[in-house]
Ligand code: PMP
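Given next, in structure tokens, is a single chain: the form predicted on its own.
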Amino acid sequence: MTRYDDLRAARARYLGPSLSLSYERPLEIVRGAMQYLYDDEGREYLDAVNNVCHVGHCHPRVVKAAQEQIAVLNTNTRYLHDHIVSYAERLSGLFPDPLQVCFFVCSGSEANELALRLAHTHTGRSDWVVVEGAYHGNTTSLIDISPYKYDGPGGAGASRHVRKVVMPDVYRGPYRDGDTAGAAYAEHVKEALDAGGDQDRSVAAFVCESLLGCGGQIVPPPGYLAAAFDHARTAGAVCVADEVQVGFGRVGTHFWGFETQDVVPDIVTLGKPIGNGHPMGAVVTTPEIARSFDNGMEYFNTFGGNPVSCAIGLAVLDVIEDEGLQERALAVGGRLKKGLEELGARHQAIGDVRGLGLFLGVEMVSDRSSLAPAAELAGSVVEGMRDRGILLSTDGPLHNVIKIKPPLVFSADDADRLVESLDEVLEETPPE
């Protein structure tokens, strides 16, 4: 047996069998640096899919902040410490009013779990409206509001407290006119909000990713969130924006994805990029909702908001600002999207190119008229790109969307290399 065989055998023995590996020939990654990953043989891979290491793998400023603080103190929030106050002030200052109050947790799943508690406590309600194809986290209650999971293999379907609405997808969905689709899709949110009225089951919150990741890198049509939020608030529900995938400047034009829809949520959840790979998350909400949550039951998180995490969070914000990474996401993402669209003019298998900034999706089809999904082709393309030293992945309910979400240090040269390599792979890969 080879060393790889030994590793895989040990993994199968000691880790849960539901934990998967990427690629037909899995990689043993031993080092990361900015937009690159390196395997055990020293081969370099351009990472075009890891949106967790937001400002780059092992960014020296983030590493230094972690090292310096962990060498001095790491404890919980029952003691006064300036880091948590400084970070909360800095983070909340990046949000529009009245989003001012921060809760710190350790993951995006914890953030969304807390958001459900906040919404339930504030409204006294227990039903939820969610979007088809959405994924919000790995806890039991979050699987219950994640159609991507409960409608998938091993899923048990929607619980009685969850109402699923049509994904606002102007490529594959029922409404495709960009001028009217937003309001049309939002009407389904209104219908869902009204659905339980005769059973006295009112909705606590409309929960929506600002841009849908597992749904297939979907950008909602203009006006969708504005109309959906209006319907939710009219029904007495609060509006939760899940920014775990797309926050912190990734969309380029704005710091937060929800801002592209010209709305202000009641609760925003953060994770993944917030700590550049360090386990962090946060919930930002209004003073009114925070007061409702202060009902006598203390909220405490052993690790959330510890000094090391806050030092890392501050360093991430510093790097985004000092290195102009939001502006880079806009420029490089625009260049990359244009290159992908040009490929779509030459390769019939590319049905759609979509996204904002460095949050992009390429939907693969076997027929542009019927939109028949080409999941096998998408998988083959990802494997071909891996062989060329570029890491991508697939997503979407039909598993036919190539997702592109690199660290924001991705360069124009990286974008050009990705497009050129994808062109070569598509030329060599037979269509379905």
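Computed from a prediction, not measured in an experiment: that's the story for all the values here. All residue numbers are counted from 1 along the displayed sequence.
This protein has a second form, the form predicted together with the ligand, left out of what is shown; the following refers to that one.
*Asks:* At the 4.5 Å heavy atom threshold, is His122 in contact with the ligand in the predicted bound form?
*Replies:* Heavy-atom contact with the ligand at 4.5 Å: absent for His122.
*Asks:* Indicate whether the ligand has at least one heavy atom within 4.5 Å of a heavy atom of Gln245 in the predicted bound form.
*Replies:* It does: once the ligand is placed as it appears in the predicted bound form, Gln245 has a heavy atom within 4.5 Å of it.
*Asks:* Using heavy atoms and a 4.5 Å limit, would one call Asn138 a contact residue for the ligand in the predicted bound form?
*Replies:* Residue-level check for Asn138: yes, a contact with the ligand.
*Asks:* Going by a heavy atom distance of 4.5 Å, is Ser109 a contact of the ligand in the predicted bound form?
*Replies:* Heavy-atom contact with the ligand at 4.5 Å: present for Ser109.
*Asks:* Which single stretch, out of 294-302, 314-322, 130-138, 224-232, brings residue heavy atoms within 4.5 Å of the ligand in the predicted bound form?
*Replies:* Result for this chain: 130-138.
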